[in-house]
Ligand SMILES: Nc1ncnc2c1ncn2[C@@H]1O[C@H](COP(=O)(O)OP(=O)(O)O)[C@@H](O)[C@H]1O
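This document opens with one chain alone, in structure tokens, the form predicted on its own.
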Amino acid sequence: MAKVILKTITKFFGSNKVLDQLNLTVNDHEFLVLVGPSGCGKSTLLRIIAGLETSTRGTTVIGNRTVTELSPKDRDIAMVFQNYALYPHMNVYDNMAFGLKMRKVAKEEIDHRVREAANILEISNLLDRKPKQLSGGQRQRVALGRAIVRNAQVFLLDEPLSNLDAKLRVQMRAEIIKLHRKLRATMIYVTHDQIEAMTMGDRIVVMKDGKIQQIGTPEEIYNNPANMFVAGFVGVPPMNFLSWSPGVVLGIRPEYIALIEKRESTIDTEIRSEKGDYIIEGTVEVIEYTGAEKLIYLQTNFGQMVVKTDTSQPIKEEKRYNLLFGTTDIHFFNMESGLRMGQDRPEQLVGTAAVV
């Protein structure tokens, strides 16, 4: 396997700049996930690595070779597409073997690689079937098998699970993670689904408008977001944002807020308690049950806020509650730049909240 290095990658489609001077290093054997909203440039970046698109400016290095000017077949990469791209008239065996036959690999070697990949993916019993006789999950395994037989330096996966139903996506996520561990491959995976990114990646690259917003482990991305976009994009439901003081936004994740039933004698405005906690009063409008947890949507004096809690806590609609959260669980952001501020939280940051 090999390291991938991207240097100042810029891409224009006409006058539209879709990638803006991206620098990125993917380590050998790493599972790296590119995540971001539709149109952020993540699939274009993957296609540039594959050689299916040409960067307007910048350099692409795979292993020890600069491959910027090389065609896809000369880059030693394997790609798995969203739509499987299987040949309908060929059986599973021939679909997996086709690329090797085109490269004139010996027949015995082809047979060995195909059967080995089929064994890894547990589809050995499907080798004689045509794609139309397979389920969506089985077709995706065949597409993965076609990539595995290449023994490529780098595997590129472009939203390979988006056509599957929710239950099968969860299953296939686990299968791809196990496959990565078996192959010890360098894999670059594109998705718009931040849950996929958080559960699969060794590191995550969060993108927006053709730029990298943050690179880090799932824990780093979630617990220490670089800016308001990352904080709001990663997490279900997203972080609550409140305008805190001039130029400062406070962020708090829904699971770090406690709900305490409102007592008639308490004050109706936002306060900071003697223990260093923050309290906001709100009225429950909607409760969504998600299984082991429920999402509580409350209307406060500062706008709507969301709280995540377990189902054991008795919460009732139209009742008033105090929302309690501590200083150790909050983030401060610069309202103008969106960047997360330092952890010192100077005294001037204390102020009256309003939801952004």
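For every residue, the number given is its place in the sequence shown, counted from 1. Here the structure is a predicted model, which means the values were calculated and not measured.
The same protein has a further form, the form predicted in complex with the ligand, not shown here; the description that follows concerns it.
Problem - Exercise: Gly39 in contact with the ligand in the predicted complex, heavy atom 4.5 Å - result: Result yes; Gly39 sits at the interface with the ligand in the predicted complex.
Exercise for the section: May I ask you to state whether Ser337 is within 4.5 Å of the ligand in the predicted complex, using heavy atom distances? Expected result: Ser337 lies outside the contact set for the ligand.
Exercise for the section: May I ask you to state whether Ser55 is within 4.5 Å of the ligand in the predicted complex, using heavy atom distances? Expected result: Looking in the predicted complex, residue contacts with the ligand do not include Ser55, since no heavy atom lies within 4.5 Å.
Handout entry: Val18 within 4.5 Å of the ligand in the predicted complex, heavy atoms
Key = Judged by the heavy-atom cut-off of 4.5 Å, Val18 is in contact with the ligand in the predicted complex.
Problem - Partner-facing stretch of 25-33, 296-304, 39-47, 309-317, counted where any non-hydrogen atom is within 4.5 angstroms of the ligand in the predicted complex - result: Contact criterion met by 39-47 only.
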